[in-house]
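A single chain comes next, written as structure tokens; it is the form predicted alone.
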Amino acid sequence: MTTATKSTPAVSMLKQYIGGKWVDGSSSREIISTNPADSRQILAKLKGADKNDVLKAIDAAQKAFPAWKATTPPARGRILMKAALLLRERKEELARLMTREQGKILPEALGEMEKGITLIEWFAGEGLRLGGITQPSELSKNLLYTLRQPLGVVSIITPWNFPFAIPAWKIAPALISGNCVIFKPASLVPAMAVELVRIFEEAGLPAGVLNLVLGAGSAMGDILVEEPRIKAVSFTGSNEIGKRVHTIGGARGIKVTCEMGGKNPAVVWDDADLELALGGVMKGAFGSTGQRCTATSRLILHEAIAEKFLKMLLVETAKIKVGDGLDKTVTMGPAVDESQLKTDLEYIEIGKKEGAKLLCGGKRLTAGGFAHGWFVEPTIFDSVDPKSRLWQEEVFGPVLAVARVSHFEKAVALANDSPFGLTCAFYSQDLTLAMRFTEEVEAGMVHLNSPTIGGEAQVPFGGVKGSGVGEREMAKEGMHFFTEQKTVFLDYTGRRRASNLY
């Protein structure tokens, strides 16, 4: 439902999706979605959900679980594939909505749509491959095999920076494995979440299998993790909340996976293809306004090429056009909201006070068309102290910290000198050094001669140290998280016999 006048664009009036019905939330708090490029533009409104709504969603999911579990994996896969086809038909439309709601430029939104659709397609195909293994038994006339079974009702909690792809890579493996889902997205991006759920509804997903609760986490409390009928929690977001989720879930003894922060280094060595490295660092540092856990936020340069590379980097950074992501000439959008903009500006001031050398950027943009949006200049600091907050703490904005080294061991030490360990990049033509870096760096993902960003459906995604706990996401590991493995011993001799095996 939308409302509009001749002078204002339509405002979507959103609802919760519980048990196959679209209903108002029970919270007194109103959630308002605005355009970060122009905060005067209201995109959507809704009454937020509270604990009672979550309980109703869990009731609906619990009721739907037996039938969904009994649905064959290939049949589940056909529903997911239909959803993927519907999403592909609406790809352009939904990408434009994403840009208006989240702020990323349209080409990035289109890229996210493509990634999310590919993930759903891949997991749909797993409906034909969901199975275990067979192994030879010590006993004659015995079949020894494993199978995978769904957990039950699971919670999926997602952030605002990838409002389509992250929900897709969590919801799809949960559904194809036979689980029923309670989906709680970030309250900054409710419209994208509603559209995703509508697609699954249109694709024929039975009522109660996927439930959507929209609103502030404070109104819902910890019920998405602590309710006894919740059998697993998949979370992506801040370290503070992720640690709380993991603590509560761990105390209950349930499966929990938390994908959290990153402070990802890119190392450019003295023999690197500098043009290639330049493109990778630019994409990693300033793509999506630096608002992704895989962003390049630390740059480690070999001192032999540091001055040359920084000159190249400053020339390219000066070409960035900041603005509304729907403008085809714009190459970097706004921060997602006022709070994130303040965080970006606070860390820029921290960098100055810590003595880092500001090479470019560092200011909020407010003139003209920037007046009502959350815009900040792309920012680069040189000579950053590795012990400083700017080097150690996640900013989640377009702020790049640079340090210089003279030998390989120091580069690895600097790359590892972080509480995080999600991803990294190493640019060099020396295969020996590249392989040494791969072995010695403390990260869940390594990119050689490519940006720190990115992932693919068929390989696992995740980090070490403060970047993540629990199993990896995507690929078969993502499905394994949402299933329990069962080992079966089938004796087909037709008579009882004793065994000394134990």
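Computed from a predicted model, the values in this text were never measured in an experiment. The first residue of the shown sequence is 1; numbering continues from there.
Omitted from view is the form predicted together with a small molecule, to which the following refers.
Contact between residue 453 and the small molecule in the predicted complex is found at the 4.5 Å heavy atom cutoff. Taking the partner from elsewhere, residue 259 is found to have a heavy atom lying within 4.5 Å of the small molecule in the predicted complex. Remark: residue 437 does not count among the residues lining the small molecule in the predicted complex, judged by a heavy atom distance of 4.5 Å or less. Put simply, residue 428 is far from the small molecule in the predicted complex: not one heavy atom of it is within 4.5 Å. The putative spot formed by 115, 236 and 461 is fully lined by the small molecule in the predicted complex; each residue has a non-hydrogen atom within 4.5 angstroms of it. Heavy atoms within 4.5 Å of the small molecule in the predicted complex map, among the stretches 166-174, 349-357, 398-406, 128-136, onto 166-174 alone. Residue 161 is the only one of 99, 155, 379, 161 with a heavy atom lying within 4.5 Å of the small molecule in the predicted complex. None of 390, 293, 181, 266 but one reaches within 4.5 angstroms of the small molecule in the predicted complex through a heavy atom, and that residue is 293.
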